[in-house]
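First, one chain by itself: the form predicted alone, in structure tokens.
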Amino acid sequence: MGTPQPGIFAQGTRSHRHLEFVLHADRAPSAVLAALAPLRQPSVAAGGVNIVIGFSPALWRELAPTAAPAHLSEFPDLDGVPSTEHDLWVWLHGSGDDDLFDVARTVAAHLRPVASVASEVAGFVYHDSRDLTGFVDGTENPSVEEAFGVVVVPAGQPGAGGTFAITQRWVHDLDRFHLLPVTEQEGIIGRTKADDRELDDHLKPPTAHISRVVLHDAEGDEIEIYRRSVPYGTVNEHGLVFVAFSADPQRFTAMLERMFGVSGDGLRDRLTEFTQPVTGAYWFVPSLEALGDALG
């Protein structure tokens, strides 16, 4: 069984930075591997910064075809859900922006011969892990102990020990949302705002956020994903960097289809009236062993 990148599960960090890179058109696979070689063991860097490295489906197939899962897929084509896939994703998180800044510059310097920074977003933990709407985020997450079974591709399959990831940047319209009475806000989310209790079924609309994103299989059991989202932003633009991991990327697609009203039941997540995605990408996050084998 491969070892998943430990930064996926590292808790307690309050500063986050997401870098996406696009490869130069004239780069050779050998040059990409050489540039990535110093990052072959992403974990905790000097200064306590966790590093997680993800690859676009196309790039991972190119660099490590024998370690690519059969169901490694591109971001879905859904109306209102932009696809902005780049080649590499590096997620840094730690205790302070100063260390993250230094490590981000070092990562970018390693990759500069073959890639350019296409996107950079700095995120942060807001109060007691709340979204900027004021509601607790990630309540439905499995525990860290349970998350391994949710996230990790099982042994015996191509890509074992790795995981699939989705990243999206959502822009909130907080002014409109906060004008609503708190009871209406709670109906949009499906939980109470102050103490994070799930609304009773007779009070929770079918268009509530948690009604749309909590998935169930044919037997009624919950199909889980592992979220590591954080808020981001400035006074003028702010929202959520949505990050989640799963052993099966189809869970992400099913969730997006239910949110945007194309899952067949005609219902749409009402939260999408107040926040919109402006980026979207799927990534494969290989195990430490697969990463080491690819990079030599």
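Just so you know, these numbers come straight off a predicted model, no measurement behind them. One rule holds for the numbers: they count along the sequence shown, beginning at 1.
The same protein also has a form predicted in complex with a small molecule, omitted here; what follows describes it.
K.L.:
Whether D131, E222 and L256 jointly form a contact site for the small molecule in the predicted bound form is the question; each needs a heavy atom within 4.5 Å.
P.N.:
The answer is yes: all three residues contact the partner (heavy atom, 4.5 Å cut-off).
K.L.:
Can G149 be called a contact residue for the small molecule in the predicted bound form at 4.5 Å between heavy atoms?
P.N.:
No, no contact at 4.5 Å.
K.L.:
When the contact criterion is heavy atoms within 4.5 Å, does R227 count as touching the small molecule in the predicted bound form?
P.N.:
Output for R227 is yes: heavy atoms within 4.5 Å of the small molecule.
K.L.:
Answer yes if any heavy atom of E140 is within 4.5 Å of a heavy atom of the small molecule in the predicted bound form; otherwise answer no.
P.N.:
Answer yes; at least one heavy atom of E140 falls within 4.5 Å of the small molecule in the predicted bound form.
K.L.:
So in the predicted bound form, does any heavy atom of W60 sit within 4.5 Å of the small molecule?
P.N.:
No, W60 is distant from the partner.
K.L.:
For the interface check, one of 154-162, 105-113, 203-211, 85-93 should have non-hydrogen atoms within 4.5 Å of the small molecule in the predicted bound form; which one?
P.N.:
In the other structure, the partner sits against 203-211.
K.L.:
Can you pick the one in V136, L78, V125, L72 that has a heavy atom within 4.5 Å of the small molecule in the predicted bound form?
P.N.:
Selected residue: V136.
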